[in-house]
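Just one chain follows, in the form predicted on its own, and it is written as structure tokens.
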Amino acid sequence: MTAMQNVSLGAHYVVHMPQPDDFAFWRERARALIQCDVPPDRVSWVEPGGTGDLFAHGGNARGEKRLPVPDKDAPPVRVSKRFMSLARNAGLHSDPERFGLLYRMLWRLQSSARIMEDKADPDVRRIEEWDKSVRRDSHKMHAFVRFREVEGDEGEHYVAWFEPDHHIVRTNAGFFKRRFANMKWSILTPRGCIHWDGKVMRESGPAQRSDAPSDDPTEDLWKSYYASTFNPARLKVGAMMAEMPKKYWKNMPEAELIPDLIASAQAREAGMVAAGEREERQQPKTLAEISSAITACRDCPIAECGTRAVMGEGAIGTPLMIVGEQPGDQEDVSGKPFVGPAGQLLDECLGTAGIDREAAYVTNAAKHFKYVQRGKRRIHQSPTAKEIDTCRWWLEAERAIVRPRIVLALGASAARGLLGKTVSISQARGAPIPLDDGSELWVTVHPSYLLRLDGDAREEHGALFARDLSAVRARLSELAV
């Protein structure tokens, strides 16, 4: 009987997969069906626990014995290396249509050997997406499995819980066997479990989360290590969330540290920048040294704008230091801080509050004017957080030499230059923030903010600004006693 005679006219065949990840079984059955010239629409592929087609050929409960058998001289099956490479991973995907689509693509390859090179083909695209998704799932398993120690009858044993999206557990068993060859361990998942006793790998059925331990005594040590190696300078929250989705956090002891580490990253990054620079530079001993150094500084892009470095102004030992964001257009021209419209408004408000500007030291968080050119005008552009953090070295050097009792930060950029992190003006204003040298930081808005307001808003926020300055004046009086 020939292969064609072996195929019943119009028959529909069912292939029952013994395991949802058994690619070798699929490949063997698919090759035979192709050699018997059975088209894709006459084959159903059923995973364990699934049901076959009601109109499938044959009466056998599993169907395989009724599948056609190719002749010994049947033509070989044509297949490309690219198809085999993608199909192995695609066969591990959780989509129940995967084996049917793979068979359809194998059928198409017999008449179009280069079909896998067609990136626009919907079948090719879908197989590529399955491959990518499975590889990503395997990567997550390698990265996020966390073993916890349990005590058993046979001594030390380690157990991990993982929730894969696809049928990847058995395929990745070899990775963990090689990596933890000297440990006795189990990886429990809802799709099946693998166990290694140091010599033999075995499998078992699906598990539940409650089957795995929740913690062990070594986790405190691991969390301490994780926190100490967390690098805030390289933090990219979006990328981190893409690589480590929250669904895996519950299985990772270090995950409970992540929100606080992210929240404090800006301050830690600024501290690292400052510490690194201090290691390489000698601390200036005079304001004249700082003035000379900032003129030559090229540590951030603002210094390349062609503007001059504007040094702070005031006496050493004054009890009040006032910090703005950056020099403006007129400050760049004159080389002095706070001489433009915002500086004039500041002088007026300081006088009303009873604060003598001449008795204060006035400077900026960034030392160069950052702007964009609009015709003949230079329009102010706010410095970035990184630019402010880079310039923080100079601001800290000024503060160390002037030694003020109170530092007044005008705006969020100035506050970041002093704290190393971004703060909310509305939440920080009205109360002192202790600094590391024993001085106090008071935060309010920048006068330029008031200049942008009109009507009732100008009056309301002007009153809040005046209140902040009055509170600083009262605190100066208390410290002078």
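All residue numbers refer to positions in the sequence shown, first residue = 1. Just so we're clear, the structure is a prediction, and the values are computed from it rather than from any experiment.
The form predicted in complex with a small molecule is left out here; the points below concern that form.
> If contact means any heavy atom within 4.5 Å, which of 101 to 109, 323 to 331, 172 to 180, 136 to 144 contacts the small molecule in the predicted bound form?
Replying inline: Correct option: 323 to 331.
> Contact between residue 342 and the small molecule in the predicted bound form at 4.5 Å, heavy atoms?
Replying inline: Yes - in the predicted bound form, heavy atoms of residue 342 and the small molecule come within 4.5 Å of each other.
> So in the predicted bound form, does residue 338 come within 4.5 Å of the small molecule, heavy atom to heavy atom?
Replying inline: Close contact exists here: in the predicted bound form, residue 338 approaches the small molecule to within 4.5 Å, heavy atoms only.
> Wondering, does residue 27 line up within 4.5 Å of the small molecule in the predicted bound form on heavy atoms?
Replying inline: Heavy-atom contact with the small molecule at 4.5 Å: absent for residue 27.
>> Taking the small molecule as it sits in the predicted bound form, is residue 446 in contact with it (heavy atom to heavy atom, 4.5 Å or less)?
In response: Flag for residue 446 set to yes.
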